[in-house]
Ligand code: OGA
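The chain below stands alone, shown as structure tokens; this is the form predicted on its own.
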Amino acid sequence: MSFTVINLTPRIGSEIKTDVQTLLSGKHSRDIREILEHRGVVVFRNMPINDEQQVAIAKTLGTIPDNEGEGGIYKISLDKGINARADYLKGSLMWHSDGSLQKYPNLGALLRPMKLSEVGGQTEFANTYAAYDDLSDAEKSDYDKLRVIHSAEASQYYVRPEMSYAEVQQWQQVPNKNCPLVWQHQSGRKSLLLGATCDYVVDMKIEESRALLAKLRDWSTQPQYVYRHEWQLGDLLIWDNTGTMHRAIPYPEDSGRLMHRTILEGEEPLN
């Protein structure tokens, strides 16, 4: 079958029309990775695959971690009967990048819907490469020098604004990470590193720091940088986690929404 690429918006998101066997063969894996870097998100519609095939496709694109769910599949659900960390997953409703506290943030992930919510549940992605590219030269010069403390605790205040003392202690056990505000990639390109784990900018007053982080989040999530995916059963979506942020649109906790995710391990350090 042919391998046809259709851009879904001018700045982010592409649909690829092909078949399961072509994806499993890995013959276009280099093309897909290049499209991901420049477009942030790749969508395959009407791709009737199972969990084993999802993992096999992921392995043509990179390496999957040994501890990712069962057999490479992690079940994303707000139902505690399906995922014991359902409360933690409520943070997925906020703009974030996966693995920002890790030395090697995830390269990306494959996502496939198993059951959809009747209300909400779409997923939005923001192209942080494009958002950086459109900054003024003066802004780039200023922001290139800044570093930001990322923390698990900061992200949890979005979910539970009045955490108990025990909860605060629990999340403070996760080490903070000092990260560049602007991630210079091995390719030479740069992207903004933002999201819910951002706590404050180093050597900047807290008020100014958090105002700047909010300003840049708003900048990076303007409509021209965002693709909202309207899920259909049979979809397979892949995103570049190093050059995008993402979030789920709120949906009822009892909706039964269930997604199967396979992570691609990070390949470049975030220093």
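Here the structure is a predicted model, which means the values were calculated and not measured. Start at 1 with the first residue shown and count on from there.
Only in words, not in the display: the form predicted in complex with this ligand, which the text now covers.
Of the candidate stretches 169 to 177, 152 to 160, 96 to 104, 126 to 134, only 96 to 104 has residues whose heavy atoms lie within 4.5 Å of this ligand in the model of the complex. Mapping the unseen interface onto this chain, S92 counts among the residues with a heavy atom inside 4.5 Å of this ligand in the model of the complex. Within 4.5 Å of some heavy atom of this ligand in the model of the complex lies at least one heavy atom of L111. Under a 4.5 angstroms non-hydrogen atom cutoff, this ligand in the model of the complex has R261 among its neighbouring residues. In the model of the complex, this ligand sits within 4.5 Å of a heavy atom of H246. For the three marked residues, I76, W239 and R257, a heavy atom of each sits within 4.5 Å of this ligand in the model of the complex.
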